[in-house]
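Two forms of the same protein chain are encoded below as structure tokens; each is given separately, as structure 1 and structure 2.
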Structure 1
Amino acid sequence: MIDSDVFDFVERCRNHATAGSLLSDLLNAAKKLGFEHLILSGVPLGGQKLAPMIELNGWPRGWFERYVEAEHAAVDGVCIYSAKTLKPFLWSEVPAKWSETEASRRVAGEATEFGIRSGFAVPMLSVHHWQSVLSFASSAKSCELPRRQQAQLVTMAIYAGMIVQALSDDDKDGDGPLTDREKEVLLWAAAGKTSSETSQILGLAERTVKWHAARAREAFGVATTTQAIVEAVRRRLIHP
């Protein structure tokens, strides 16, 4: 791949109206650098489920289903490291304390059944998630990628991430994933109020307050109200 190919991809990004067309274009570009598959998703934290966080899915179908059902994201060294750095990295560069665990090695071994043996990951900031990562996968046993080609992949990944985010924003209501009442409940929880205290402040039954908190947790795919508060603040949905 030459640099002009990258700039051509960036120009085409402006014309993609769907995630599907963007995925196809990015896959074709990545194949020139030896990558047959890719996936763009949020990085799950604190018990979050991966499936709702997928934004571009170019993984082998059977592998994606197995990865999600087995909750491999919680033990996969590549996924774990993607939450801890913004520096692009070869999968082989994941520190041993995450890549050499028995569970992480098992995930890597299962991936080879689907022709995935090496790869390159591009973590990036995200409006919709704590952090996102675009991971390119290769059937080659070892991924040898010169610095210039790494830079080409990073450039394409960042632009693809920007377009996916814009497409997602266009598809959503301006109010975002929370109702006004859910925002109120999170705001009072952020101020340290209990469900009982919030119910008195808002004039609601306590069970209704708890229901709104549960809906907010569900909207973000998190396990606790504190995590929902953090996510709502990060997305600028509430301002405690």
Structure 2
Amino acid sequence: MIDSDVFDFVERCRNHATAGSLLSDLLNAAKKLGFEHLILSGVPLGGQKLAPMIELNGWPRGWFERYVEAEHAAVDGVCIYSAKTLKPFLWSEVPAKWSETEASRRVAGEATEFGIRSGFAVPMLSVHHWQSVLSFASSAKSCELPRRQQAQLVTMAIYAGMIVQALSDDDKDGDGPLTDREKEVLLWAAAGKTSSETSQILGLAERTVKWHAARAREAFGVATTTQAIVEAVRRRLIHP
């Protein structure tokens, strides 16, 4: 694959209106570099066992289901390492600490049944601020991917991540669920201020501050102000 093919892909990205068309385009491009499968998903951070969110699923039929059902994400060295770094890496480069566990080897063993032997992972910050990883998988026993090809894959990966992101937040033009005052109150609360402190900062009555916080809670349908703050951060309405 030559450099301009990558840019052809990048240019086509603009036109993809659905995750599906993006996925098939990306799969085609990856195939030219020897990677038949790929997946873009969130990674579980330290100790969390929540099922990660899948953004693009280009894994072999069956393998994906097996992986999810067996909760492989929690022990897969590739997945764990993806949560620790932001640099792209070959699966073979995962530190022994995570790849040489019994559980991780079992995952790798099962993968071969579906024609997956090696791969290249590109960690990134994706949708909703979650750390994600786009993993390219190959049936080749080992891959010594030249720098240039790595750079090409990374470029397509982070671009695809960006498109997925853009597809998932469309309604940015509207005013959003929170008023400016509500955002302000949440922001100061996130900074550790009490209601009375915030009231002095903003020149309001303490009661008013608590009232705005209550409105923010209602807007998100949550019980605590902390939850409202987390939600507002997730939706990029404020940044702490």
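Definition used throughout: the rigid core is the maximal C-alpha set that superposes within 1.5 Å between two forms. This structure is a prediction, so every number in the text was calculated from the model and none was measured. Along the sequence of structure 1, residues get numbers from 1 upward.
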Selected structure - the one that is the form predicted alone:
1
Inspect the rigid-core superposition and answer whether the C-alpha of residue 28 shifts by 2 angstroms or more between structure 1 and structure 2.
no
Take the rigid core as the frame of reference and indicate whether the C-alpha of residue 16 shifts by 2 Å or more between structure 1 and structure 2.
no
After the core is overlaid between structure 1 and structure 2, has the C-alpha of residue 203 moved by 2 angstroms or more?
yes
Backbone CA shift between structure 1 and structure 2, residue 233, after core fitting (angstrom)
3.9
